[in-house]
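Single chain ahead, by itself, as structure tokens, in the form predicted on its own.
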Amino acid sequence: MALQINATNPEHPALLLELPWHLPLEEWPDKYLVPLPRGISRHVVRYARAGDEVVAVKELAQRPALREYELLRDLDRLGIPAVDPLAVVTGRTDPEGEPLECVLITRHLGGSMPYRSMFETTMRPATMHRLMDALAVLLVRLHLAGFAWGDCSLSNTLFRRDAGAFAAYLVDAETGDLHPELTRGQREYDLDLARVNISGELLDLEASGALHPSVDPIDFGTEICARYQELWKELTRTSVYPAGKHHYIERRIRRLNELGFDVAEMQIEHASNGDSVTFVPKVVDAGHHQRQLLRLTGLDTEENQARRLLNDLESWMATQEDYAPGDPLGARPEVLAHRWVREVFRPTVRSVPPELRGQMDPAQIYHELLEHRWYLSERAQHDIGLETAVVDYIRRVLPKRREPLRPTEE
């Protein structure tokens, strides 16, 4: 059988042909390899350079290689965080004509690390919790898409930290299955495997002295299951919102915030009986919201102010006709963010008379207006709108908060 390269991009086969497919992966010369940290795998895995790209090459039998290749392509189409499949190479033989195992090639996920590399120095428990939350987010998203992982573990995950956000990516889909929808039993089986695998991996870290002494491996494995269940319940609650839906969306965002998650993206689907909203959660580090808001809008605020304003921005963007996450033809987030500043943030802040603002900066004014809107909407059990909240805030709240001017001492 002749060497065959099945690739997702027609440019890849020419680049991949330069690699030494006539040699077992363990024998590849250093000149082809890239020295990147590798996780534990049941297969031989190497990082190599193909043109300008760094690729991960995994040696395995032909049938599972082709199956995993197709599963990773399916996950890519579904928008699930996973490594990007590039090609499958079959028909390999050594110089004597003896057959060699097939290989699966994926694109190296830049900036990502296997968990053991991250634990080379003892990691703080708070950071560990955020990484585990990121893994819980990944597992929930896989299950929502109908993917039963079959081997959820730290070893089969890459972690990435980008601008203060933590994300987990699926690396090994060999044991997975894609269904139209998962049963409760399939989800619980995956969850039980995750608990056992993660506890075992943390016990290994504990034995090597790489685990913080305050972390109990068994409790941590159980905790990730609890975090999954909380997140699953919140994301799968079916809600149909009436036309004035802003208040109800904000209530859902607040519940996610209380669980320790932020909203990476939301989508509103319009229907005759009301609108449904889908949330994609994310896990962030301290100071993330300040940096994100500054990057998008140029507004320099405190962290809690930034989080509140970003939630409002995300809700507003989801209502815009040209908001299409992942669509290259849609408006870029930066463009929409500056439109929000121009059309929503600034006019709202300017509607508050300067003499009533006191020492409050614009971000604090807007934050308090959003809080007042939330309070009034909760009391009315429907969204009362920002304009109504501004009028009520100016008339009833600000006059009571103004401190009388003290006479200047001579």
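Each residue number is its position in the shown sequence, starting from 1. This one's a predicted model, so the numbers in the text were calculated from it and none came from an experiment.
Keep in mind that the form predicted in complex with a small molecule is missing from the display, and what follows is about it.
A.B. asks: If you check Thr297, Thr106, Gln290, Gln186 against the small molecule in the predicted bound form, which one has a heavy atom within 4.5 Å?
C.D. replies: Result of the distance check: Thr106.
A.B. asks: Looking at Pro81, Pro114, Pro333, Pro281, which has any heavy atom no more than 4.5 Å from the small molecule in the predicted bound form?
C.D. replies: Going through each option in turn, the one that passes is Pro114.
A.B. asks: Report whether all of Val45, Leu158 and Glu174 sit within 4.5 Å of the small molecule in the predicted bound form, measuring from non-hydrogen atoms.
C.D. replies: Yes, all three are in contact.
A.B. asks: Among 56-64, 376-384, 342-350, 361-369, which stretch has residues with heavy atoms no more than 4.5 Å from the small molecule in the predicted bound form?
C.D. replies: Contact criterion met by 56-64 only.
A.B. asks: Can you tell me whether Arg49 touches the small molecule? I mean in the predicted bound form, with a 4.5 angstroms heavy atom cut-off.
C.D. replies: Flag for Arg49 set to no.
A.B. asks: Is Asp151 close enough to the small molecule in the predicted bound form to count, meaning some heavy atom within 4.5 Å?
C.D. replies: Yes, Asp151 lies within 4.5 Å of the small molecule in the predicted bound form.
A.B. asks: Give a yes/no on whether Arg357 approaches the small molecule to within 4.5 Å in the predicted bound form, heavy atoms considered.
C.D. replies: No, Arg357 stays farther than 4.5 Å from the small molecule in the predicted bound form.
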